[in-house]
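Only one chain is given next, in structure tokens, and it is the form predicted on its own.
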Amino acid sequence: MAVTSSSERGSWNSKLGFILAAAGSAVGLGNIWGFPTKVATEGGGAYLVIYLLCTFLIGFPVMVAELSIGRKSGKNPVGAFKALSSNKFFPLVGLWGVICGVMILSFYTVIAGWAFGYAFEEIFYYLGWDAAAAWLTDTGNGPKNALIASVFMLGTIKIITGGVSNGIEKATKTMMPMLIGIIVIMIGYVLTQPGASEGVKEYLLPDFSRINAGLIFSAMGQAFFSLSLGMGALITYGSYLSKKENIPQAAAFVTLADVGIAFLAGLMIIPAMYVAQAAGIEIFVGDQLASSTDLVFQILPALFHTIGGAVGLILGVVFFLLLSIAALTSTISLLEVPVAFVIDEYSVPRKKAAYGVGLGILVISIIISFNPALIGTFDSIFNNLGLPIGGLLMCIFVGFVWKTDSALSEMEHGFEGIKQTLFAKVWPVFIWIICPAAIAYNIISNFL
């Protein structure tokens, strides 16, 4: 196996840096628009309750497992499985996670580019430059998609070349507080507008009669994706974690941060939808709420245009900058996984690995830029199915190959006496039975 210096791999400077970076990995476009629109279309407050339960009962235990694998091995997803077991199958599981991350990043940069472009569309619309604004809003324009996706990818590569502490940690320490601040400001404005109260009721008052198997599986899938599970991102981030850190505590903080930001995003987006409806903008197609893509790239821009003036301009630009920041915190982690794989397994210097891997993925992004219909296909294969499959196999590995007792021994670094706690009695049951069963049922339902 290739040997890599610790200086090439790097480490977190602080627990806060790790938590913000891991939360940034989890917080992305799925939280800012995917989660709120699923709440609105699939059960309102009832969906919110089930999502919270799935996040803590399914997502949190798997996150603890991934972080433990990463810290114990000090490796990327492929190297981690090699280091912890002689089993030849599980390094392929790690490789599958790397592939899923690469393919998700390839279309994620295109969507992120749309969000970034819309920030400028708001400016061009305000200035009366209709042709330029229309050019930026054409999501089927291949050259435009490729151009902005390239800018976004190059920005991501630049951050990754800075390493763990001076690149990822430094960037997320700046972006995460900014992201939270923008959401809070937007909530403050939206909740004062006509129609917002109806959206708040839809969001916060659960109708438990709407809970069914489909809602539960959807909430579980959303929880899994929003926490960046199953693709090796948290194995990689865990490999940079100090032995002094308490893994269950760190995982709890990351989960709370992710859930908290998703909740705030819902409190911003769902009332905004009803504000748009009160302003005469159609938010339903027949009796169905508009899709998440239509919501973000048609309904909300129309709302900002309807508000008009400097207020509409500021709200529009700030909102799409929010989406861009959320996307960037996720693209950083998505790129770091294959970069860490190349650094560890092939002893490639970080800068060379970052540019080589990033530009390689950009080639796929450019192909998707000219064929946006591929986004749905890739999302179904690598996100909706790929990540749960990866998570299921990680549970099997920790539960029955590496063993939960070995994982708990790793957790004793930073949490002395953990084996005598209630956590040590309950967590293995989730890894052995509850999480695998729930994830497997979700996978089978997706196939069916």
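Computed from a predicted structure; not experimentally measured. Heads up: residue numbers just count along the shown sequence, starting at 1.
This next part talks about the form predicted together with a small molecule, which is not shown.
Colleague: Verify the contact flag for F225: yes if a non-hydrogen atom of it lies within 4.5 Å of a non-hydrogen atom of the small molecule in the predicted complex, no if not.
Modeller: Yes.
Colleague: Is there a non-hydrogen atom of T55 within 4.5 angstroms of a non-hydrogen atom of the small molecule in the predicted complex?
Modeller: T55: no, not in contact with the small molecule in the predicted complex.
Colleague: Does any part of A26 reach within 4.5 Å of the small molecule in the predicted complex? Heavy atoms only, please.
Modeller: Output for A26 is yes: heavy atoms within 4.5 Å of the small molecule.
Colleague: Given that the partner is absent here, does M231 sit within 4.5 Å of the small molecule in the predicted complex, heavy atoms only?
Modeller: So M231 counts as contacting the small molecule.
Colleague: Within 4.5 Å of the small molecule in the predicted complex, counting heavy atoms only, one of 124 to 132, 83 to 91, 357 to 365, 328 to 336 shows up; tell me which.
Modeller: Comparing against the small molecule in the predicted complex, the contact stretch is 328 to 336.
Colleague: Though the small molecule is not shown, can you say which of G30, G70, G43, P388 has a heavy atom within 4.5 Å of it in the predicted complex?
Modeller: After the contact test, the surviving option is G30.
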